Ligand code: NAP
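A lone chain, given as structure tokens: the form predicted alone.
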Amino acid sequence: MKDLVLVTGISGYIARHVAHILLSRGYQVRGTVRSIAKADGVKKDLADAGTDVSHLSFIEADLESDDNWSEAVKDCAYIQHIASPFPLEQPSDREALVPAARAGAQRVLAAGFAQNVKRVVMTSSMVSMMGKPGKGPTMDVTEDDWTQPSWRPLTAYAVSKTKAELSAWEYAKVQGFEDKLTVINPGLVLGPAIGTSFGASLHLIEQMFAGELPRAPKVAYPIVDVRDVAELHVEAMLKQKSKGRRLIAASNTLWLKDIAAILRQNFPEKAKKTPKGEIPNFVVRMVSLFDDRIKAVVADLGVFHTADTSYVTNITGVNFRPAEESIIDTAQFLIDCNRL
């Protein structure tokens, strides 16, 4: 039997896929849940996806509490720290999500380093890299880029992810364990979920189908498939060259209007309400004063964000599938589970 791996927030969209890969490769998995009542549902969803769950266990642990983290990491060789607050609606207070995200990361790192785990793989986001003024019409995001948390257009989510990651690196450095930390920075994560509980990113596709966005804001993000993000988490855990690195998880970049066009082309009957054309930037900024959902894209208006992830493939061997494939698979998943 292979090593025991702790997966924090195992009920989440990315975390379920990580657990699926780990269990399929023969690892033992212990998942944290904020309420143990969630455990049976996660176990059933994984089993329904064809996962052997005989070596899956759960423990109740909350990022905002010290309780149970020592027990959670006991006997674990690795930690996949994926849990983090990701609200469907952004809080008006930009600092609202920071305490849980930052303190949670430090709790997990402290417990893991005390247990002398081989590696902690932490999920961050590309939002911790690309939030800064003066980006211009194109921004090539790199491993060395950092978001400026003080930049006013940022949302609470972007601020929390940036401060949590900065805090994690600083803590690891002070403790002398930088080489035991690897951070994954995904772009816009799409792809089929395991079970019917999934991340906020899939709600974007639902909103497009529902006609909630008659026209699309002019924003473009590198897209990545959740299955590739999960594989990257596992390979980053094992590869020596990933020590102390920030690994961008991203495929090609698309404007939101191009995502809508792909949906219309592949699902012509169901995608009739998807956005056609773009909203002028000044209108988006004006609407964002009253709609927190729109406020989330203001910092990225008119910017074509790209990322060269060849260094990630060289380090881990993970190749990222084309964005169009992920978009189509996402829509088909939502159709299959009667969400569209």
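In this text, residue numbers run from 1 along the sequence as written. Keep in mind it's a predicted model, so treat the numbers as computed, not measured.
One more form of this protein should be noted, the form predicted in complex with the named molecule, which is absent from this view; the next part is about it.
Check your understanding: Given that the named molecule is left out here, which of 201, 252, 207, 115 has a heavy atom within 4.5 Å of it in the model of the complex?
Key -> Going through each option in turn, the one that passes is 201.
**Study point:** Listed residue (63, 299, 284, 312) with a non-hydrogen atom within 4.5 angstroms of the named molecule in the model of the complex
**Key:** Selected residue: 63.
**Study point:** Contact flag, residue 158 vs the named molecule in the model of the complex, heavy atom cut 4.5 Å
**Key:** So residue 158 does not count as contacting the named molecule.
Check your understanding: Taking 4.5 angstroms as the cut-off for heavy atoms, does residue 55 touch the named molecule in the model of the complex?
Key -> Flag for residue 55 set to no.
Check your understanding: Does the 4.5 Å heavy atom contact test between residue 186 and the named molecule in the model of the complex come out positive?
Key -> Yes - in the model of the complex, heavy atoms of residue 186 and the named molecule come within 4.5 Å of each other.
Review point. Is residue 105 one of the residues lying within 4.5 Å of the named molecule in the model of the complex, judged by heavy atom distances?
Key: No, residue 105 sits far enough from the named molecule in the model of the complex that none of its heavy atoms falls within 4.5 Å.
Practice item. Within 4.5 Å of the named molecule in the model of the complex, counting heavy atoms only, one of 172 to 180, 236 to 244, 75 to 83, 210 to 218 shows up; tell me which. Key: Of the options, only 75 to 83 has residues within 4.5 Å of the partner.
**Study point:** Residues 191, 261 and 273 all lining the named molecule in the model of the complex, heavy atom within 4.5 Å
**Key:** Verified in the model of the complex; spot residues all out of contact, no.
**Study point:** Residues of stretch 21 to 58 in contact with the named molecule in the model of the complex (4.5 Å, non-hydrogen atom)
**Key:** Residues within 4.5 Å: 34, 38.
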